[in-house]
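As a starting point, one isolated chain is supplied in structure tokens, in the form predicted on its own.
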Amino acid sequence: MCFSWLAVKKMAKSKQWSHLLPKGSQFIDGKLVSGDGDTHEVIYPATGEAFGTVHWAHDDEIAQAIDAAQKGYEIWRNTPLAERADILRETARLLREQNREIAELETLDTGKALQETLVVDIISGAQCLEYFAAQGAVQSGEQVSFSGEAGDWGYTRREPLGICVGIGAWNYPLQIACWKSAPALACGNAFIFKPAELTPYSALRLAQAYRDAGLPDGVFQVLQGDGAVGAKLVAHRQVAKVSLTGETATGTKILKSAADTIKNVTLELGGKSPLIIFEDADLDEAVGGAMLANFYSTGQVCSNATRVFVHEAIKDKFINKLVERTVALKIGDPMDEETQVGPLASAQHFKKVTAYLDDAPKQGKLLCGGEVPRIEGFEGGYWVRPMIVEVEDDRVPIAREEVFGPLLTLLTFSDEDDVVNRANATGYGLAAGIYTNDLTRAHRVIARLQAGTCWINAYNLTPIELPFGGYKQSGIGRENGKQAMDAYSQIKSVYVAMGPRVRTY
């Protein structure tokens, strides 16, 4: 038998990472399951080559997962709070212990630079587990005394919802799986997670960590699949809650489907967020914030501030520094820890983003970037260089539509009221940020911005302690913070009579 050099090269690349891949497609009832549903290749975005395959869940596997979740839920809901907390903390420890290995797997799945996945994706997931372990251990209701001689009183109980479903996005696969499952488990629910089709693997590693930490079988499970699998989970009558991170159009479909069975829903959707840079801002900090808000994860972050409003008094200085630092970004091998910009996530997404990049110079003044670079050894990957375009009209497509790629749209302003109105002139409301050294103005402007997650003199920092979510078409509900515990629990009120009642009939 004779192999071409290209075939041998591809086989070698595949074998290089094979030790990272979980030995199964689904995680059902405490076990990895190979599955026999439709086969789906998993592509490394840096090369465009398949490095693994998964089977999408079929109806029998969905039914098995629901049955296992119901059984696991009955055990988990009655597990002492302190024991639940111990299991979440141990899961976090295991993730930290396996950080590099899972980070490399996350880079293979997403194409994101290892520089990022090593310090953000898995670590933030572990922090989430630790935070909700603490929150879950101190869950309590309140006691209320009523007036009257009998001394009647009442109390509230916080109880789990039952079986919850999470549907993830492909940009932060493991982090999103933790953001959704940790508060759900802390409240005593069972959880079924469907990863995005492009990024199936790290959720399976999370499932193994939960199991190894002592989580009962069936309490956390993973089912692979496309929108059809997600739709079946959303519509299932035994599912009490659905949480999605994804596009606004997908959120609309889920909301309609969940209405049929009156499910609880949390939606974290798209955005077209503004970043306002006033004339008194620290210029270097503001430039760094604008880059973080547009080019981190190759621009594939829902909260990104892709509309950067710069005060006309500092525009030229800001542009000079921004362009200089942007063209210096290192783009290349995602597994090289010096790399700052990796490829886009898929061929389909590459086609969408490059369509915007190709058209962008017609909508404004091209300041830098936008080319498709040739990177030796990664010629088949989905590469683009970060692009900056200055526009004069807020109504052009790149200033209105979510590109979800490394395209920074630069606009100028001179008046505070004007820029706030322009910043709010969007159907989205996920995030917003401002840079200024005027403390009064900072809080005044933030109070007027129609966005659920805001920053002052920073951007895209999302500590677990603060709730995260959007206004308007950017979603419903909040993830993280104490508010997430409300999203995965329900309150029962109990009235306690301490003596005989007066007969009224």
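Sequential numbering from 1, following the sequence displayed. Owing to the predicted nature of the structure, the values given are computational and were not obtained by experimental measurement.
Only in words, not in the display: the form predicted in complex with a small molecule, which the text now covers.
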_For the interface check, one of 85-93, 327-335, 118-126, 241-249 should have non-hydrogen atoms within 4.5 Å of the small molecule in the model of the complex; which one?_
241-249
*Answer yes if any heavy atom of Ala313 is within 4.5 Å of a heavy atom of the small molecule in the model of the complex; otherwise answer no.*
no
*Is there a heavy atom of Phe318 lying 4.5 Å or less from a heavy atom of the small molecule in the model of the complex?*
no
*asked:* Just checking whether Glu402 would be counted as a contact of the small molecule in the model of the complex - the rule being heavy atoms within 4.5 angstroms.
replied: yes
_Please determine whether Trp170 contacts the small molecule in the model of the complex, using a 4.5 Å cut-off between heavy atoms._
yes
_Going by heavy atom distances of 4.5 angstroms or less, which of Phe27, Tyr459, Phe468, Tyr44 would be at the interface with the small molecule in the model of the complex?_
Phe468
*Scan Pro274, Gly136, Gly289, Gly270 and let me know which has any heavy atom within 4.5 Å of the small molecule in the model of the complex.*
Gly270
